[in-house]
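Here we start with a single chain on its own, the form predicted alone, put down as structure tokens.
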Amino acid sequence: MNKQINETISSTIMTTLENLAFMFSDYGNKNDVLDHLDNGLMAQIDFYGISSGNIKIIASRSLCNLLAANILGIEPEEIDSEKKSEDALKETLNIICGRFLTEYYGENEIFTISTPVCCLAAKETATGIIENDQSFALNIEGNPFLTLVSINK
């Protein structure tokens, strides 16, 4: 991954999670994702403008539940539907994408951002992202968070 893209997206994710959900993160090991993938989720958002591309993230269901609980200000065991954790992951990705594009391209560039989509993270999909040299993992509150930014020039 382009070093500047890597630094910008990782910093954006860390700051967004701290500010939005009071969650702290550090760099992690990509291979840990597969150990925590049970019922995990993958979210993707596309963007179009001076460049086009997408951002994909994979997180365990427990991390998504914790994210939803922190955003909503409730306890994780109070999450009463899988939809809330999916919505929390999608909204977090939406914020990450907007902030990343502004940080990387500057405030004057205009982008169209798609509505994020979310699905169960298949082991094959996660493995493909892990094997991609451009992907990286963060450790968020003890949970792996896999990210891949793809930019078409």
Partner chain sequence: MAYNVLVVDDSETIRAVLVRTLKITGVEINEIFQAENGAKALEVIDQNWIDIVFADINMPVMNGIEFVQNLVDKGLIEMTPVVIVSTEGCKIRIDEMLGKGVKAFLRKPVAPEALRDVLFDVLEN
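Positions refer to the first chain, counted from 1. From a predicted model like this one, the values you see are computed outputs, not experimental measurements.
Just so you know, the form predicted in complex with its partner chain exists too; it's not on screen, but the next bit is about it.
**Q** Among 29 to 37, 50 to 58, 120 to 128, 106 to 114, which stretch has residues with heavy atoms no more than 4.5 Å from its partner chain in the model of the complex?
**A** Checking each option against the 4.5 Å cut-off leaves 106 to 114.
**Q** Taking its partner chain as it sits in the model of the complex, is N94 in contact with it (heavy atom to heavy atom, 4.5 Å or less)?
**A** The answer is yes: N94 has a heavy atom within 4.5 Å of its partner chain.
**Q** Hey, in the model of the complex, is A88 touching its partner chain, heavy atoms inside 4.5 Å?
**A** Close contact exists here: in the model of the complex, A88 approaches its partner chain to within 4.5 Å, heavy atoms only.
**Q** Could you tell me if L138 has a non-hydrogen atom within 4.5 Å of its partner chain in the model of the complex?
**A** L138 lies outside the contact set for its partner chain.
**Q** Report whether the minimum heavy atom distance between N19 and its partner chain in the model of the complex is within 4.5 Å.
**A** Yes, contact at 4.5 Å.
**Q** Within 72 to 88, which residues come within 4.5 Å of its partner chain in the model of the complex, counting heavy atoms only?
**A** Residues within 4.5 Å: L72, G73, K83, K84, D87, A88.
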